[in-house]
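In the block that follows, a single chain appears as structure tokens, in the form predicted on its own.
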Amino acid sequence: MRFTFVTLFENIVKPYFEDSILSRAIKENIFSIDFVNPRDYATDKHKKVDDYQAGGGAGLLIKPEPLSRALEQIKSDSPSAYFIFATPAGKPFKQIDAKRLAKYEHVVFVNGRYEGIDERIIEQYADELFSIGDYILTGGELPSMCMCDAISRNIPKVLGNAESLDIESYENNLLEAPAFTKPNSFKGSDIIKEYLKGNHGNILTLKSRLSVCKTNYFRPDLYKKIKTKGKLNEK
């Protein structure tokens, strides 16, 4: 699988993929990342990519012409390219989206800066719009990195233990059960005794119940959804 970041600031994104699990996956050619800078497609002598908003308003927008040329080049070279824009207007990005997009051949993250991107570019090129939360960032790179991380770890062989994906938070809209490691006792708080008895069937049953309790406590919105659908076993 291939990820492309269309960004003016490659150096913001690139270091994130130079360590840990994702770095290993790239070295093993499980997926790849590359970068396209719209400034390389500007034709004026100053390589200008931004301009004032029509009708007034604070801040600058990414101009349509150089960005359009960059995206057209990507489409020409990669007909399977799927364009994603991070924007407050987008739907919330969820785990189900990460799992779905992990099956695509080529995902392209188009990153705005300043006050965003000329709306005509979004209308003409966006395959999907996503938001990672109800707040404003200075650019699209952080949301794109978040989405890329979430997507890439669902690609087969990226994680060392594929079973980890089956018990993660948000699977079936449930949060993951509490997890512990050594020591058995830490600052007066002990690991749940059932975890230490070695009966994996009982442990799985307990974790399932604790997952429901944790979801109800921390994310009652999710709990309400799954309870309404009748998918809970709270016994």
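Everything quoted here is computed from the prediction, not taken from an experiment. Residue numbers run from 1 along the displayed sequence.
In what follows, reference is made to the form predicted in complex with ligand SAM, a form of this protein that is not presented.
Checking I132, M145, L71, A126 for any heavy atom within 4.5 Å of ligand SAM in the predicted bound form turns up a single hit: I132.
Looking at 74-82, 110-118, 152-160, 94-102, the stretch with residues near ligand SAM in the predicted bound form, meaning non-hydrogen atoms within 4.5 angstroms, turns out to be 110-118. Of the residues in 82-99, those that come within 4.5 Å of ligand SAM in the predicted bound form through at least one heavy atom are, in sequence order, A86, T87, P88.
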